[in-house]
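A lone chain, given as structure tokens: the form predicted on its own.
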């Protein structure tokens, strides 16, 4: 079997089940094969879950600081392989090499952060209303958890989930997106080589319909952590609810960048270029709506188009490239369909085409696209997940906030202004889990919670210390050393 051919990782071993069928991942820039993988069957998922269930008692009993030491070894291994894995991210997903390396660095940062959580995992102590009684809470792992991840951050998001689950004492069955399965395998290899005990982390590759559904519906899985689209997330939520298991969802976004008339315009311009077209717009935090005050509307668009004239689209491994391809043929089709919708309901200002000719013919390249639209059109309210920016003109701050909030998502938001009072109002007024002041809608930091409201998810948060909450149960403990039966609400006061 070639070096780029991968099996499943179950109970500490790479295995290829007898009779297994395989699928390939391909470089979206040129169509070349990046790796081949096993299409797992229900019996393979069963084997992975059985291994995780067997491994759970010993892993739970491992002191959390010791679990943290193992995570720290994994972070160091990934640091040593950053260049290699970053290139794989760019080859398999299509983001430019600087972003591919950044994807890996975010994974490293988060693993290191979670390693430190092994010496915290904090509960709380509170006073009792009774004498000679001590009250506290402790955190305990849930058990076997399923981590189902998307293709757009193929090393960062898996580690957001896996590292938090492992430090909390859970065992994991991990299903990466099918078109970035090589990145998922590289993540698992790091943990395996760091010395993770067999069965603590298992990898099953394959379709959501087979692998994903089997994980969500199996009673051995006590929690499901899913990042992906709203429709799929809703189905995962409903399936999990039938078994009363915790399902954490991180879904889409339709993120606004507001630019007020007092903003530092060159800074805001840099922000929208990176926010809208970084990762070819394929981020749940991408800046997909640019809300401009009418006083700076024309000059700002003129400056934006001048910069797009020099914007380099091409090979993501070339450091001179500003934007690579979208991630797959299916993703290309979806984005182009939305562009056609935009052409019917809005004014196309820039782009709007699939790029062809030369090296473009081998990949899935779409020109950075800008529409002038009114609030309420489909392209101004629905997530496109591609290099498509909707521009909207507003008269004042109040209208900007109303437009920003009037969508079904609430992940990230941004406002550029020099007015400190207006900035503080925006922190309160913008309906989103994340608000940036004088920065674009992207750029999460691992030590802070990440997540949103409305259709962006079901209220939980990843990253930061809040990540632990997703993978732990709180136990309340009462210690009565009064040597008599005390009845809290019954005894005389």
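Numbering follows the first chain given and starts at 1. Just so it is clear, the structure is predicted and the values come from calculations on it, not from any experiment.
A second form of this protein, the form predicted in complex with a small molecule, is not displayed here; the remarks below concern that form.
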**Fill in**
TL;DR on 184-192, 243-251, 372-380, 268-276: the one with heavy atoms within 4.5 Å of the small molecule in the predicted bound form is 243-251
**Request:** Check whether residue 399 has any heavy atom within 4.5 Å of a heavy atom of the small molecule in the predicted bound form, and answer yes or no.
**Result:** no
**Message:** Residue-level question: is residue 118 within 4.5 Å of the small molecule in the predicted bound form, judged on heavy atoms?
**Reply:** no
**Asked** Looking in the predicted bound form, any heavy atom of residue 312 within 4.5 Å of the small molecule?
**Response** no
**Item:** 4.5 Å heavy atom contact, residue 226 and the small molecule in the predicted bound form
**Value:** yes
**Message:** Can you pick out, from 208, 102, 197, 352, the residue that has a heavy atom within 4.5 Å of the small molecule in the predicted bound form?
**Reply:** 208
**Fill in**
Heavy atom within 4.5 Å of the small molecule in the predicted bound form, from candidates 334, 139, 87, 81, belongs to 334
